[in-house]
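Okay, here we've got a single chain as structure tokens, the form predicted alone, with questions on binding and movement later.
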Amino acid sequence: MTIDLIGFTPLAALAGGVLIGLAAAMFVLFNGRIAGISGIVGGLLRPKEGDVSWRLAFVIGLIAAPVTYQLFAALPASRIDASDTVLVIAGVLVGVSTRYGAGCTSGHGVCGLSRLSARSLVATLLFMGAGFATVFVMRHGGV
């Protein structure tokens, strides 16, 4: 494994992490809600009266942020080394897993850990372990 030291931006990464943490903290303090994306989007798929507008605003903000950024600077290049079939299967697995795991990485890893949730600690360790195992298998003769 090699680290791209030229592209490595620890200060930008730290600033991004701080902003995500502050946003999640403000969201729970001011709204009493967890900023877990799967829960927010899931609430749009089975809407309850009076519970749609904030969820829709959150999702629109997720989409509008990179679009707005793109007006002022170029978006970073991205490359996906997977077929459409693999991406669809991966998306379905993530969706099903977030339902069974009662949340996604943002919900458990950012919001749950900050609340000292034991369930979120276990979920985050499992997410990370599955990621490590996947990278290992993919790089060492797996699929």
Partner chain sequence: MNALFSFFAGLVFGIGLIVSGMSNPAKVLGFLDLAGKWDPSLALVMAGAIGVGLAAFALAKRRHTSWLGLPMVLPVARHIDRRLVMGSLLFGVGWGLAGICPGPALVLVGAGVAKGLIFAVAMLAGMGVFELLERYAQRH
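Everything quoted here is computed from the prediction, not taken from an experiment. Positions refer to the first chain, counted from 1.
Beyond what is shown, the protein has a form predicted together with its partner chain; the following relates to that form.
Its partner chain is not drawn, but in the predicted complex it has a heavy atom within 4.5 Å of Arg46. Its partner chain is not drawn, but in the predicted complex it has no heavy atom within 4.5 Å of Gly141.
Interface residues of 44-80, taken as those with a heavy atom within 4.5 Å of its partner chain in the predicted complex (partner not displayed): Leu45, Arg46, Ser53, Trp54, Ala57, Phe58, Val59, Ile60, Gly61, Leu62, Ile63, Ala64, Ala65, Pro66, Val67, Thr68, Tyr69, Leu75, Pro76, Ala77, Ser78, Arg79, Ile80, in sequence order.
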